[in-house]
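One chain follows as structure tokens, the form predicted on its own.
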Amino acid sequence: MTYIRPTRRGAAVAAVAALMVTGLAACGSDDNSDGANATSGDSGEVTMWSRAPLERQATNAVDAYNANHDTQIKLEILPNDDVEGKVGAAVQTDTLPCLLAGDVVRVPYWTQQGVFADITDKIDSLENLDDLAVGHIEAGTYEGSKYTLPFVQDISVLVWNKDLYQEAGLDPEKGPTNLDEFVDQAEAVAALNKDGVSGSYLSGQSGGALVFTLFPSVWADGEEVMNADGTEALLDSDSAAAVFDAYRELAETTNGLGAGSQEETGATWTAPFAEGNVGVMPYPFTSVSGLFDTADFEIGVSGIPGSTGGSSTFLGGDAIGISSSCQNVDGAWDFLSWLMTDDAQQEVFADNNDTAANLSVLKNGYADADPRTQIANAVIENGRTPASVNFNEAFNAAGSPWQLLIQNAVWGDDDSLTDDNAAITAILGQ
């Protein structure tokens, strides 16, 4: 998982330059079939890696750009579980693609390790920089220099199955506004005792899904999940404990949490709701927006509530930067600078009911959008993007102390919250 290079950022760029002089640069090879091709500047082709969960949005962006530009982006979609290994191997051999998009919570580590090229001057030259969502830029800012821009913003929202709400005697137009209502409504659906139907669902073994869905309830209460520099966990607070208690109550309720929640690794965690078998749960907006026209049941959308009301969201998704191996920086920047424009954000994201990274488009570009998209966009101003160099090891990695905290708090003895929080801090502070 860790691939700390023997040299730091400056040496990484120097290594690429040396390979160019000797003509041995793997990244310059036209016959590199694994996609680890930093550039093929003569052909005007720029290789790009993106994660499978955001394939639709990445494809929309590349297709729109390629249709009207001489430079062509060659997109390779990586299975989510393969990203770390493939990036790590490419770093070691300077064969990163020219453009690399990755999970925004992983970007601080990649940036520190020299994966991206410093594009501070280019970013600062953008005329609409003040309109861009800052979370994905800040995640890729290291020692005062900027390395990344927003690519695809994915936010977490609360979704509910209006058909199941109707059957359970709930108002299908009113989702929960606090954690007590969330539990009550989930329990009402659970009480239907329908085969395969549960009140809610939790991805118990997926640290990434758990931070995406549970952190917003803490933020909605005005509390934090980490200290300002990301070196200390604050998940033993009363607000965080209230979140864990809500899911514990559902775990102890017949049909309260869907079968497989405790063992869910994240591979299939969105499927039960998409199949119409879950009453209410936090969910990725990029996934639910794709269900608006395809699901055979009605869907409600709101922000994720806290214990005392209010709502928030996890500003996730992927940031994107130009790799330190890239030789066709001009071609890569042409794509990035185009993607930040109002017109591109409108065409690629707003017109497809996805979340734009341009605040001007978020405000003005969704007049004809599905009302649920407008509801989701309104939550963004209260959202957060947590940043820590060791975030992946503390939260997202398999077997992380965060996963153990959830297993204990929701399904275990529920007496180790202080110790489990300290274990997360021990990783964050390394």
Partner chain sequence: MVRKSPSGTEGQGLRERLAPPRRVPNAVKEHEDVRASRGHQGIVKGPSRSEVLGNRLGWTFVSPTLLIIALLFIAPIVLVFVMAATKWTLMGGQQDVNFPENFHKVFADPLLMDSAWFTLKYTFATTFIIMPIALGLAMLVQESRRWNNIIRTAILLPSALGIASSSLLFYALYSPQVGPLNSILAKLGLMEQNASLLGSPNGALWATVFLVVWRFSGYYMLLTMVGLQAIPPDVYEAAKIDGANRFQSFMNITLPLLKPTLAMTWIMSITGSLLAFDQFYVLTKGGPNNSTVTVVQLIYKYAFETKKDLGMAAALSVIVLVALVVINFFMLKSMGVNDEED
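All values derive from a computational prediction rather than experimental measurement. Numbering follows the first chain given and starts at 1.
Same protein, other form: the form predicted in complex with the partner chain, not shown, and the subject of what follows.
_For the partner chain, considered in the predicted complex: do all three of Glu181, Gly310 and Ala409 come within 4.5 Å of it, counting heavy atoms only?_
Heavy-atom distance to the partner chain in the predicted complex: none of the three under 4.5 Å.
_Using a 4.5 angstroms cut-off on non-hydrogen atoms, would Ala67 count as touching the partner chain in the predicted complex?_
No, no contact at 4.5 Å.
*Decide whether Val115 counts as a contact residue for the partner chain in the predicted complex under a heavy atom distance cut-off of 4.5 Å.*
Taking the distances in the predicted complex, the answer for Val115 is yes, it comes within 4.5 Å of the partner chain.
*Verify the contact flag for Ala398: yes if a non-hydrogen atom of it lies within 4.5 Å of a non-hydrogen atom of the partner chain in the predicted complex, no if not.*
Yes, contact at 4.5 Å.
*asked:* Residue-level question: is Trp110 within 4.5 Å of the partner chain in the predicted complex, judged on heavy atoms?
replied: The answer is yes: Trp110 has a heavy atom within 4.5 Å of the partner chain.
*Would you point out which of 329-337, 102-110, 122-130, 355-363 contains residues with a non-hydrogen atom within 4.5 Å of the partner chain in the predicted complex?*
Result of the contact check: 102-110.
*Note which of Glu263, Asp238, Glu143, Glu173 lies within 4.5 Å of the partner chain in the predicted complex, where distance is taken over heavy atoms; exactly one does.*
Result of the distance check: Glu263.
_Among the candidates Ile137, Val87, Val211, Val348, the residue which, in the predicted complex, approaches the partner chain to within 4.5 Å (heavy atoms)_ = Flagged contact: Val87.
*Residue by residue through 403-420, tell me which have a non-hydrogen atom within 4.5 angstroms of the partner chain in the predicted complex.*
Residues within 4.5 Å: Gln403, Leu404, Gln407.
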